[in-house]
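Take a look at this one chain, the form predicted alone, written out in structure tokens.
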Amino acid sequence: MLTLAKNELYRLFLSPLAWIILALTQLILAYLFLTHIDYFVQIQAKIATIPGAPGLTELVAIPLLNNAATILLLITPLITMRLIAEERRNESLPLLLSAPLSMSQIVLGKFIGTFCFLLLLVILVSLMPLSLTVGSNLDFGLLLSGMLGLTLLLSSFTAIGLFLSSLTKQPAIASMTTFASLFLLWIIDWAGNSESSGLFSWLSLLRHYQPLLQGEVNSSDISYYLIVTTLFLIVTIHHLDSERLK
């Protein structure tokens, strides 16, 4: 399983698309980071006289993590689209399924390799606010809570993308369906604003991410992302397992 995960990560770094995504993501987030800093400098004198006013972490680091989640929503389908779909298109999927590995090991290997790549993006994003510790104080508890939320969010993105990639042999179709599904789960919270739409509110990826950005680490929010990740991994395993038996 770990060998397959390493191979998947290695294949990602051999792809020009992965390097382009890394570069563009860092470029966009660096620009947004500098924009937040500039805004903080402009209002720093005004909020200094307000008791309990938000600090550097709330006005710079947390908005950056919020922006990072939106950008990763857009680029994750481009990373996950080829996981199974490309194997199917190249007709190498039967060879993979015939490997002396259980279906759980194959799916988890694909998942871990891709998730490690996306985790690298989280680490690179976190280096931006951490650079502010040189001349200022950060709320590390709030920052760690936001990074935990972003990591859990990416795990659910990866699991959903992996499942949808297993349904087709066209990476482009896998990418579009993954983006549509993630976007639907992102905006389904709009329907969850009414009291009669509790299910839509619970299904919202955004609704469970926002408390973590505010430093509220609730077991219900963590459980939600773990349930989504586990559910889609299990469904992927069963789908590919049934295909192997055929």
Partner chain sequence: MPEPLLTSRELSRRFGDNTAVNNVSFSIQKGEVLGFLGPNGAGKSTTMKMLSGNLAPSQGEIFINGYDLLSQPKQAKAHIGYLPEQPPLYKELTVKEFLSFCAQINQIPSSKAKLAVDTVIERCGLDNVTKRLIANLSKGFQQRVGIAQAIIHAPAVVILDEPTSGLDPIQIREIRQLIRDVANEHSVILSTHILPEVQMLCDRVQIINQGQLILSDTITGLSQHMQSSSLLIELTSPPTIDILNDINGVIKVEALRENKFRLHYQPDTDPTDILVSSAVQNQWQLKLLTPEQHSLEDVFMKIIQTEQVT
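Small disclaimer: the values here were computed from a predicted structure and weren't measured. Numbering follows the first chain given and starts at 1.
In what follows, reference is made to the form predicted in complex with its partner chain, a form of this protein that is not presented.
For its partner chain in the predicted bound form, the listed stretch (143-151, 160-168, 91-99, 125-133) containing residues with heavy atoms inside 4.5 Å is 91-99. In the predicted bound form, every residue of the candidate spot (L4, N7 and E87) has a heavy atom lying within 4.5 Å of its partner chain. Although the partner is absent here, L24 lies well away from its partner chain in the predicted bound form, with no heavy atom inside 4.5 Å. Looking at L14, you'd find a heavy atom of it within 4.5 angstroms of its partner chain in the predicted bound form. Contact check for H239: every heavy atom lies farther than 4.5 Å from its partner chain in the predicted bound form.
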